[in-house]
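Here's a solo chain for you in structure tokens, the form predicted on its own.
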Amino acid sequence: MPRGSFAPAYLKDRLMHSAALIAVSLMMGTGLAGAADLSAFMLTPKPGRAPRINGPGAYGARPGRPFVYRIPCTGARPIRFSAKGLPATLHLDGNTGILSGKTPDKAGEYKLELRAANQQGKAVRQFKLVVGDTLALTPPMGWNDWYTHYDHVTDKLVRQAADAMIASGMADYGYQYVNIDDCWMVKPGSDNPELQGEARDADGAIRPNRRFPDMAALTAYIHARGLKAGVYTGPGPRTCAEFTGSYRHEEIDARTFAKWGFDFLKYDWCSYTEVAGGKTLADYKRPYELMGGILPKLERDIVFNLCQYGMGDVWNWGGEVGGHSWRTTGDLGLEKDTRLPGFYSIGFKNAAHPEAARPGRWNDPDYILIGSVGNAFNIQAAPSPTVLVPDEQYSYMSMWALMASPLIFSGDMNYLDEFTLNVLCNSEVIEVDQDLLGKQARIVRHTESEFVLAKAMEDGSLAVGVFNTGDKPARIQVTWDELGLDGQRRVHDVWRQKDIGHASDLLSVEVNRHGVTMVRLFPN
């Protein structure tokens, strides 16, 4: 399992959450009777004690901008970090592995060699800093508070999430964004003193509510850990939760976010419907063109996430207006289950647009809702364990990785049980998502009981996900003709991180009910 050092106060609650998950699984008939925990159902092997550098092989940034990047690395601590070819404008802290400073003023590719060493061994990783116009060369990874904290998010909770990202080991696998969603602003007309006040200062700049006393200090706290900070607003007069929006204050709000030190902006449509003027393509694009034109001119890189639920086929134009990712569907947390849990229907819709994805432009099917999560239908309810059984959780993560989706977890960071981390923190699954070729998997087969995705990889291998969407275990076969292959291939089980044989004309696998087999097929 990932390296982690949780506060003792968490332990009892984590065990209770694990027990509750087992109870739910038993009620759903998944055969967990007699299990004391979920360790028997964990697929991801524990990382070794020697260093292993994870994360993407390249990072995009604009010239002369503030820069922070924590080298993702598993292994026994302490680990000593070093880098060869580091630009003079950047500094590496050898103890923490945090790169900071400013990007070079000159555009170009800067080839670095990242190194990590401890008493158990050494690791070397080639890494390109691509200074130019393109951000998010690989899908963003991190956490967003919405599906846990809703309208009761606070500065303290966000800081705790940043600490947990380090302590749990998530940051060692490349999770880096700590994103605040709605409800950090003043809420006009609220009867809660913490949310009241003037929405903007005398210059028109947006003001946070009393739960966020110092936004610049908050982002500094996050950056000091080598992580990045995200913020939320919308183009309408009000946000989805009726807090202050950015309508007619787009420029000053963007500059305020940059001054505070934010690295990511989620821009949510909601009340913009009242001022959009219609439902033409131009109406859908207008607010995102406006903000998308402002952000690149700021003196800070801000990744731009369009949240407008797929209206106007946003995947066809989201990148043109400056977006780095865009929601293709409605909220996953509000997606009702059918015969299958709601993440499947969201995933199926998102999977239909592979041609739209490429480096710097990603289809976003919403967040990963496993572990301890809130209730989007009752946002005042306390978070509780997911009702997804283990096989469904592995399917969820597999589908998102194959679709080159942003990997943004939205469960409770204070209750990260070992099983949840086993799903979130598999270096080989994440490598599929973060592959530099930037391809989204294509749909190979979609029937009532089978769903197959295939993703071309930079090294010439093919990542394949075979999903059993039926109600009982099944053997599923996928031919080389369907996959566009010929010749013998080495078959590597991505979740179990081991080779499972060779195949020359078809892939034949036994898959659990609502489970997945995820492999990479390597040329011999």
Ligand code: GAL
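Heads up: residue numbers just count along the shown sequence, starting at 1. Since the structure is predicted, the reported quantities are computational estimates derived from the model, not experimental observations.
Omitted from view is the form predicted together with beta-D-galactopyranose (GAL), to which the following refers.
Looking at Asp268, you'd find a heavy atom of it within 4.5 angstroms of beta-D-galactopyranose (GAL) in the predicted complex.
beta-D-galactopyranose (GAL) in the predicted complex comes within 4.5 Å of no heavy atom belonging to Asp301.
Although the partner is absent here, Asp182 lies within 4.5 Å of beta-D-galactopyranose (GAL) in the predicted complex, judged by heavy atoms. The closest non-hydrogen atom of Ala199 lies beyond 4.5 Å of beta-D-galactopyranose (GAL) in the predicted complex. Figure note: of the listed segments 388 to 396, 239 to 247, 423 to 431, 257 to 265, the one touching beta-D-galactopyranose (GAL) in the predicted complex, with heavy atoms no more than 4.5 Å away, is 239 to 247. The three residues Trp146, Cys307 and Asp331 all sit with a heavy atom within 4.5 Å of beta-D-galactopyranose (GAL) in the predicted complex. Comment: beta-D-galactopyranose (GAL) is not present in this chain, but in the predicted complex one of Tyr173, Tyr284, Phe419, Tyr232 has a heavy atom within 4.5 Å of it, namely Tyr232.
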